[in-house]
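One chain follows as structure tokens, the form predicted alone.
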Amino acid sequence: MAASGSLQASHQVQRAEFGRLVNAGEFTPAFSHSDANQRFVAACIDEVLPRFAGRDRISVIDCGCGTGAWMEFLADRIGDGTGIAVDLFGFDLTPEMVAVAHQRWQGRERQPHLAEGNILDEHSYAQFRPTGGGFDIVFAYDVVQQLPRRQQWTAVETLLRHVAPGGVMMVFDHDCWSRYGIKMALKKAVTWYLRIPLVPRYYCNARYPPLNVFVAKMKRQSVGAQRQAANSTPKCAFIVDAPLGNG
């Protein structure tokens, strides 16, 4: 009960904080991620696309889709690079974010399937009822960090359960044991405890996951996994291949 209460409280904090940021104009339908992060995500996507060669269509779910910026980026990158049609799905914990994502896609011929949800809730995936028993690409960007640390590995396992056989899970986040992760932990501690604003206060809610530990856990289960670090951004990628018998 205590763990459940802690998770509920964490969700409430995140929902309220990101709702406030939307209402303050920090996140709008025109929001875009940095060029460096876009290049890193693009490079990682390009590495996994060959597994879908010969396919006419694949499904992509953005778990914690925010403004829909990454959904738009992924659809363009995959479509332009391969000609494969993309069925887009996305959910977010914050209803204001889902509303912004709807606005971003308003008026376009092809619409993504959007709803409220969170990465630990099975219904968040099941509500879309993808064909083939899962999604070909399960994508999450800066979402695992929003969970209490004891729930982060559970989130990873949940994400992986919803990858279609032969598909891939792609988690982009900061690593808590990277140089950047350690530096940010110190800045957040000073901001939170000493009230010296070295970072925006809502950054303090994030707990960067131990991505190398996650890779090791996957490998002990004989699951293909890797951690990739970017050259021009402190962001990392945790990429896991779904077994062909998954789902």
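Quantities reported herein were computed from a predicted structural model and do not represent experimental measurements. One rule holds for the numbers: they count along the sequence shown, beginning at 1.
Form predicted together with a small molecule: not shown, discussed below.
Annotation: in the predicted bound form, residues 66, 97 and 142 each come within 4.5 Å of the small molecule through at least one heavy atom. Only one of 31, 52, 180, 192 lies close to the small molecule in the predicted bound form, with a heavy atom inside 4.5 Å, and it is 31. Stretch 88-96 is the contacting one of 88-96, 72-80, 156-164, 105-113, since its residues have non-hydrogen atoms within 4.5 Å of the small molecule in the predicted bound form. Interface membership of residue 134, defined by any non-hydrogen atom within 4.5 Å of the small molecule in the predicted bound form, is ruled out. The closest non-hydrogen atom of residue 118 lies within 4.5 Å of the small molecule in the predicted bound form. Under a 4.5 angstroms non-hydrogen atom cutoff, the small molecule in the predicted bound form has residue 14 among its neighbouring residues. Proximity of residue 146 to the small molecule in the predicted bound form: non-hydrogen atoms within 4.5 Å are present.
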